[in-house]
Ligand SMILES: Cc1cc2nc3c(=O)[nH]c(=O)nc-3n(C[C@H](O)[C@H](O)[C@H](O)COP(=O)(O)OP(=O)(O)OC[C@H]3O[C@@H](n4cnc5c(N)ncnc54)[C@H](O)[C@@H]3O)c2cc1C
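Starting off, we have a lone chain in the form predicted alone, written out as structure tokens.
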């Protein structure tokens, strides 16, 4: 299919997914106008900027494994893609994902699936994990898994900046404005409405608005079950060396990884204390005292003496149906493409998502990865594809 020269793509959301989509459109030869609408170009409250910025292949759904493999390869070669100054500080180090005694069979089956899909996963008994990680309490564990490649963490702001810089260098326009909804006429999206009743005409619209993406669809009567949920990240110090320390996912839902000379950590609040967090960016210090600290101290006894240095809160764009991204055209509005709902793994899956959305627009189909299982049809039919490994 020849590059399109006269069409205009308007992307709502200028953080990592929207910016990756814009860059990939140019990479795949789209020669028309690309406009990115971002409500705050400082990105002060952006989920991307406030992310813990990690990547893993240990997922419960095969499509997510493939998206992570694509993302890991992109990040390793980021300078070739986005320019010599794209320094994202990538640390490649396998996650340590822990399972209790009742999860052994299911976790072994999941690890086998991950390996079959191309991930490099190693399974350990509790004794093997204890021998490798001397600081780890394995008494109540049944299994542990890690990866020998394609996992780690990086600088989220640096990656976003590199995508934006490279997209702008290719003629992508960023506009600071608040989108209030999509304009639909005759079964097609014809533009985006900005605050102040200012329309922006479009041939293609992309909803990459992250935590705000569900609300953007409501004026059309479309139920996209995506909303913001607050996640607090704590910066701590403890009498524990962090050299070679992995990203640890505990059975309690707690996670911890090295950052600088200390660590960052967090835990998902229980569902009764996890409301829509629109406008709420206050760190939940009570969560540390009541839930996270006891969980960390149980799993890593050295953390009984941790000290909280600071904390910040960001938003996950939680897809309440199945904690998986929604990628693809709306089933009744073919030129309105959705790219949201990643429930905490949007940053690591942004390269694969941006590539996939750009393929739909320029080629009419997915090519690099078949992302069709993540389409809007399952939202319409309420047929979840549950991602079981979410933190």
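Just so we're clear, the structure is a prediction, and the values are computed from it rather than from any experiment. Numbering follows the first chain given and starts at 1.
Same protein, other form: the form predicted together with the ligand, not shown, and the subject of what follows.
Peer 1: Going by heavy atom distances of 4.5 angstroms or less, which of 28, 52, 31, 62 would be at the interface with the ligand in the model of the complex?
Peer 2: When the ligand is considered in the model of the complex, the option within 4.5 Å is 52.
Peer 1: Quick one: from 99, 269, 228, 314, grab the residue that has a heavy atom within 4.5 Å of the ligand in the model of the complex.
Peer 2: If I apply the 4.5 Å criterion carefully, the residue I get is 314.
Peer 1: For the spot marked by 13, 179 and 346, is every residue within 4.5 Å of the ligand in the model of the complex through some heavy atom?
Peer 2: Checking in the model of the complex: 13, 179 and 346 are all within 4.5 Å of the ligand.
Peer 1: Pick from 124-132, 206-214, 71-79, 138-146: which stretch has non-hydrogen atoms within 4.5 Å of the ligand in the model of the complex?
Peer 2: So the stretch in question is 206-214.
Peer 1: Taking heavy atoms and a 4.5 Å cut-off, does residue 322 contact the ligand in the model of the complex?
Peer 2: Looking in the model of the complex, residue contacts with the ligand do not include residue 322, since no heavy atom lies within 4.5 Å.
Peer 1: At 4.5 Å between heavy atoms, is residue 233 in contact with the ligand in the model of the complex?
Peer 2: Taking the distances in the model of the complex, the answer for residue 233 is yes, it comes within 4.5 Å of the ligand.
Peer 1: Does the ligand get within 4.5 angstroms of any non-hydrogen atom of residue 22 in the model of the complex?
Peer 2: Flag for residue 22 set to no.
Peer 1: Wondering, does residue 360 line up within 4.5 Å of the ligand in the model of the complex on heavy atoms?
Peer 2: The answer is no: residue 360 has no heavy atom within 4.5 Å of the ligand.
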